[in-house]
Ligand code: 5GP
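Below you will find one chain, with nothing else, as structure tokens; this is the form predicted alone, and questions on how it binds or moves follow later.
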Amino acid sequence: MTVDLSPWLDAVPPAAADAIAAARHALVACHENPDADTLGAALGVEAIVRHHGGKATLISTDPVPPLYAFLEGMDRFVADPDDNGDYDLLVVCDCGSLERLGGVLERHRALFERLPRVLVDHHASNTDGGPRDWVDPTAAATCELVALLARRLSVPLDAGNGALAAALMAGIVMDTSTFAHPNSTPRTLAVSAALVASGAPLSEISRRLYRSKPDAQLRLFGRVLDRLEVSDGGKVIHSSLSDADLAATGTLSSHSEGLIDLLAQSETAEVAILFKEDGPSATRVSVRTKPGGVDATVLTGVFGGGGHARAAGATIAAPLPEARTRFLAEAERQADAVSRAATA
């Protein structure tokens, strides 16, 4: 069975498609603290480049979380490129800004800046677009865009005995919470149907990403949820995760994946926030907001962050207690501005 994606293929920018198809050695980079969408999109770009006779080096400045080990190809990511490599194209996947590449950008800035670039992304806050870039905030996931790119360039979505389809499906599942978020569109569903028809095990991917967790991770969730707090009359709900929590439970920072979505299940809160200690002098903030209320990109943008209207993040150069105080003040201010009609 082949799902017809032709109604959406004209959306693929020819400049982006041509550059990727012509690459002989592409450097394909993910954002720091990689998730299924950036990793799956990178693997998708790698498959496209290989199909057209080139090769690709996959870059992730941070280790791939163990959660994604079941997907083929995750062992091919490396932390640093070779500054003397014969790369002829940089492809950046799922980055709202180039700074989201993390430490690898600082370590190899000269290399990254000299290469022609294609940026494939779906963040509404992205303002880095160039002549070959494809930034589409209507896409539920960057993997949705890469799937269309592959089909436009005649790359079989069942390449690698379904490995390509599985990688792209994982990104869509992660960024839609298995189609539970309002970002799922008819195009998202059509692309997902094409991936399932090409061998992506949707049920298994959803189970592994959302319904299967190590016991240590559950203990971590318990600690963080136990210190849950509400403010502003229930309009803001928040909790914090410290390095001590990770040490006490024997977990990694990547095991915090999913915590913010639990906080966002609050019936009353307009804004859900998770503060994560990032060393002694920095704090990462994850935000979720309700439709029709606070725009998460506006809230996090005050602190130099970004993302999507309902899900965004920022890093604040301050210890967790100070960052929490500053961020909560702004979150409460924006939550107070939300007016909703009473329901019977």
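The numbering used is simple: start at 1 and walk along the sequence shown. What you see is a predicted model; the values in this text were computed from it and never measured.
Same protein, other form: the form predicted together with the named molecule, not shown, and the subject of what follows.
- Stretch-level contact analysis of 54-62, 22-30, 281-289, 40-48 against the named molecule in the model of the complex, using heavy atoms and a 4.5 Å limit, identifies 281-289.
- Shown without its partner, this chain lists 235, 238, 108, 123 as candidates; in the model of the complex, only 123 has a non-hydrogen atom within 4.5 angstroms of the named molecule.
- For residue 293, no non-hydrogen atom is located within 4.5 Å of the named molecule in the model of the complex, even though that partner is not displayed.
- In the model of the complex, the named molecule sits beyond 4.5 Å of every heavy atom of residue 36.
- Heavy atoms of residue 314 reach within 4.5 Å of the named molecule in the model of the complex, making it an interface residue.
- Residues are counted as partner-facing when one of their heavy atoms sits within 4.5 Å of the named molecule in the model of the complex; in 288-312 these are 288, 305, 306, 307, 308, 311, 312, in sequence order.
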